[in-house]
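The data below hold one chain only, encoded as structure tokens and taken in the form predicted alone.
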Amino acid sequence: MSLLFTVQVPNRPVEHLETVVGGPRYARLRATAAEFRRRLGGRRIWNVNSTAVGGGVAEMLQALVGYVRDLDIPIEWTVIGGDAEFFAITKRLHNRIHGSTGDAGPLGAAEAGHYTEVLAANAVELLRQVSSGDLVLLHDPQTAGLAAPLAAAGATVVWRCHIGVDWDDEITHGAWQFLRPYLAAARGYVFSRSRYVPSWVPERSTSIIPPSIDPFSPKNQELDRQTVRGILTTIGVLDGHAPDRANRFVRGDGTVGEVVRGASVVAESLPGPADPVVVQVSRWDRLKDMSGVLRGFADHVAPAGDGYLMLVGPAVADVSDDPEGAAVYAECVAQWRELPPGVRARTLLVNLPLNDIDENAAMVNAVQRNAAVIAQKSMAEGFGLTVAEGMWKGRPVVASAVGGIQDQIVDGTGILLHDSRDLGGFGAAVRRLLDDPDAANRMGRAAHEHVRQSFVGDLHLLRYAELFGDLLAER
């Protein structure tokens, strides 16, 4: 049985971006792509990560790979495989690079041996496909051990780290020391923020490339009010009946899709169409602090006025590279059961199915567009692109001032929480926006424009073209 899985991504019409970014930015993208295609000279670009669904990296690759293909540049996306022990080790690395001990398990010689063994088996398969001279972009700790065998075979390897924190301590140091030997063979390193770069990474080999959204993806495309209501009633998080034929959206390949699956919902009652809803969408990950949002809402938002809370994550069984998700979700359910009855009746825990990636994204889109306030009360974030996605939809966001969230929310576009553990401060910020819809709407409009200027995919592609162009010139 093959360890590797090739993700089939359809072309995304790149000309659609012009309607969002304007003529000059679009012309620059086309011209840069033409020059890069010439310099690539028949080589291919490979993206390698650990999951095709259930996270921000996979969602970005769906969009970026599709646009690159439409620009007639050869590009592939491959997902590695591994056993439960491998993903427990890489989740440990993920947590510790974020400054959290996670499961407090070891990262010693035995773990390094197993990590190496699993990636060596993946490398054997991958090297049957990657040719000498190809450009390979490895994503996150799960893939670092592929750098050396790929480089030895003549590929130009870049390691892209989507996670990090703004400090260094014994916890982060241990994770980086585990990964450092595996990354020596990389020709380039990409981080989302300059403060995430470890001191041992050569500055001359480092690029800072923030993530981006795709305005036309099923998660971010425009949905009218009737469609939002239709999708939410279909999945079972809004009271009432779905309007006829109002559950449709445009898939990534341009065809029409329908939301037909229901979500797994823990709730005693559902909000109606006119009820204000506070939403946090994220993985069931302790660093996302879903339990803190639940406590903050119960203690500091619900007692002071109306409104519902909706905590929304992916179906935990469908996220293969996150072994902690089921445990975190179970803890939230137990916490929900202990809430006072009146608060519990205004709180929903929602698992969205991942059977169909585009359908899942349309569900998230509708959930965010229905929100009065979007929260992202993370304890740590590599970037937290859910924030930009909420801002794109014109919604005010209350989020922790951690990681890349600080780069997304600027004055007037949202509320930054400078102490993510201050539940009273979180509740006061949310309550203020719920009680002043006009101010919330002004903030949402400013947020949308800021994302358009700073976090749309054309800028992301241009930065990668510069990085890979420099590496090709060195060769």
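Note that this is a predicted model, so its numbers are computed, not measured. Just count from 1 along the sequence shown to find any residue number.
Beyond what is shown, the protein has a form predicted together with a small molecule; the following relates to that form.
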{"property": "Answer option from Gly444, Gly66, Gly55, Gly427, heavy atom within 4.5 Å of the small molecule in the model of the complex", "result": "Gly55"}
{"property": "Heavy atom within 4.5 Å of the small molecule in the model of the complex - the one residue of Asn370, Asn247, Thr90, Ser282 that qualifies", "result": "Ser282"}
{"property": "Partner contact for Gln142 in the model of the complex: the small molecule, 4.5 angstroms, heavy atom", "result": "no"}
{"property": "Proximity of Lys288 to the small molecule in the model of the complex, heavy atoms at 4.5 Å", "result": "yes"}
{"property": "Non-hydrogen atom contact Leu385 with the small molecule in the model of the complex at 4.5 angstroms", "result": "yes"}
{"property": "Residue contact check: Asn360 to the small molecule in the model of the complex, 4.5 Å heavy atom", "result": "yes"}
{"property": "Per-stretch contact check against the small molecule in the model of the complex, the hit in 166-174, 104-112, 386-394, 194-202 (non-hydrogen atom, 4.5 angstroms)", "result": "386-394"}
